[in-house]
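One chain follows as structure tokens, the form predicted alone.
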Amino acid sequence: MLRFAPSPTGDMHIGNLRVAIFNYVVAKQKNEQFIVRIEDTDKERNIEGKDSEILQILEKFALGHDQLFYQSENLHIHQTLAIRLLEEGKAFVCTCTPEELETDREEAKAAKIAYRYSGRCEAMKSGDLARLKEENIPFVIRLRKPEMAILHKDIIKGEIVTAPNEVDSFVILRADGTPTYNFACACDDMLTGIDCIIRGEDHLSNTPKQIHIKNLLGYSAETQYAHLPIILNTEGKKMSKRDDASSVKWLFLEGFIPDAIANYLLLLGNKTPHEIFTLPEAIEWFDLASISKSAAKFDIDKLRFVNREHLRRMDARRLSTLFGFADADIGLLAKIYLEEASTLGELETKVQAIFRPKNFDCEWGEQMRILQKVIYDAPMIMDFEQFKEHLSKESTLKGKAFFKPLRLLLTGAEHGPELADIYPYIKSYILEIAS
């Protein structure tokens, strides 16, 4: 069982999408279920509608899920498990105030040592819980520190050992009764039988904590882990919200298509048998162990190349519908422009220029008017050479005075592909185009 567990707190990041794709692919390879878990327990940071947006993006990438649930639905279970750990002496009640904890942090900072919980409340028992509630004293529940090192084998990073003192007595249940990220995550993974966890390497520090939680809850099923290296921007720094290309929504607006984005994210830091492929094809050969341990740099030019190749492969009729046409000719026309365009946005600009009303107030406006009249009066001519000869003869225009205005009239641009290549796909619309 594999899962993708996004938080509805912002736009989908390409790092998150990459995690979703990898989990989906491995789930298909293992013939296991792929679960989507919306981690919505942080109510203050949740943004209304972001959960739906996440699901819509997954649908665009054809990442179908077998189960969907919201983490908040398990709140009662999280609380019950926290109390159980408390009653078993594996956790303790803590009444330290925010001011006391901040003082401890400042002292650790001044001493230039890593902050660790002081342990001042470790002697408190589960029996103190009733008194604290009765006296209305705020409290949290903390997990007791591990006594032994925590070992886990990462498919990408290799064997990782975490010393006991590196896992603090961390909070598992907040004062308002809601679970912390690590506790809710570990409990839900345990409850749904997640046996392979693929996520970004920024979660590496969370893994020993979550293993510790499962151990104390008596969960013994084996879990595989794979932490994906971060994606760097063009400056070699971790991609952030400030980088436009980090947003999947921005990539869509720029005209990058799902097949190409998925292809590129699977290509990043990976050894693949082919450079251009589809998601179903990747399922046949994908291997988590082949992912590089090093961070991968995002290259927008490489993505543009991959996008162009997927547009070349796209069914012409489907491509036509993206520009508002029903027949395949416009899709085939658009593909001619792939020598100079890489995205749907760029192709749309080229196609729209052909069908948009032309500017007759330019240098070649007079000649364009002459050609326009000849086209209006001409019969349908299927062959471009015959079409060109007819226009030249009837207009008496020659050389540059013929070809320049003809290109402007037919394409709305001074430069571009050969008119002979374009004409077969626009001849049916010639009267509309020459307007």
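So that there is no doubt, residue numbering starts at 1 and follows the sequence shown. Note that the coordinates shown come from a computational prediction; the quantities given were computed from them, not determined experimentally.
In what follows, reference is made to the form predicted together with a small molecule, a form of this protein that is not presented.
Student: Spot the stretch among 198-206, 141-149, 356-364, 249-257 with residues whose non-hydrogen atoms come within 4.5 Å of the small molecule in the predicted complex.
Tutor: Within 4.5 Å of the partner lies stretch 198-206.
Student: Under a 4.5 Å heavy atom criterion, is Glu39 part of the interface with the small molecule in the predicted complex?
Tutor: Result yes; Glu39 sits at the interface with the small molecule in the predicted complex.
Student: With a 4.5 Å heavy atom cut-off, would you call Val306 a contact of the small molecule in the predicted complex?
Tutor: Close contact is absent here: in the predicted complex, Val306 is far from the small molecule, nothing within 4.5 Å, heavy atoms only.
Student: So in the predicted complex, does Ile433 come within 4.5 Å of the small molecule, heavy atom to heavy atom?
Tutor: Ile433: no, not in contact with the small molecule in the predicted complex.
Student: Looking at the partner-bound form in the predicted complex, is Tyr181 within 4.5 Å of the small molecule by any heavy atom?
Tutor: Judged by the heavy-atom cut-off of 4.5 Å, Tyr181 is in contact with the small molecule in the predicted complex.
Student: May I ask whether Arg18, Pro229 and Leu232 all come within 4.5 angstroms of the small molecule in the predicted complex, judged by heavy atoms?
Tutor: Checking in the predicted complex: none of Arg18, Pro229 and Leu232 is within 4.5 Å of the small molecule.
Student: Can you pick out, from Leu81, Ile330, Cys185, Ala262, the residue that has a heavy atom within 4.5 Å of the small molecule in the predicted complex?
Tutor: That would be Cys185.
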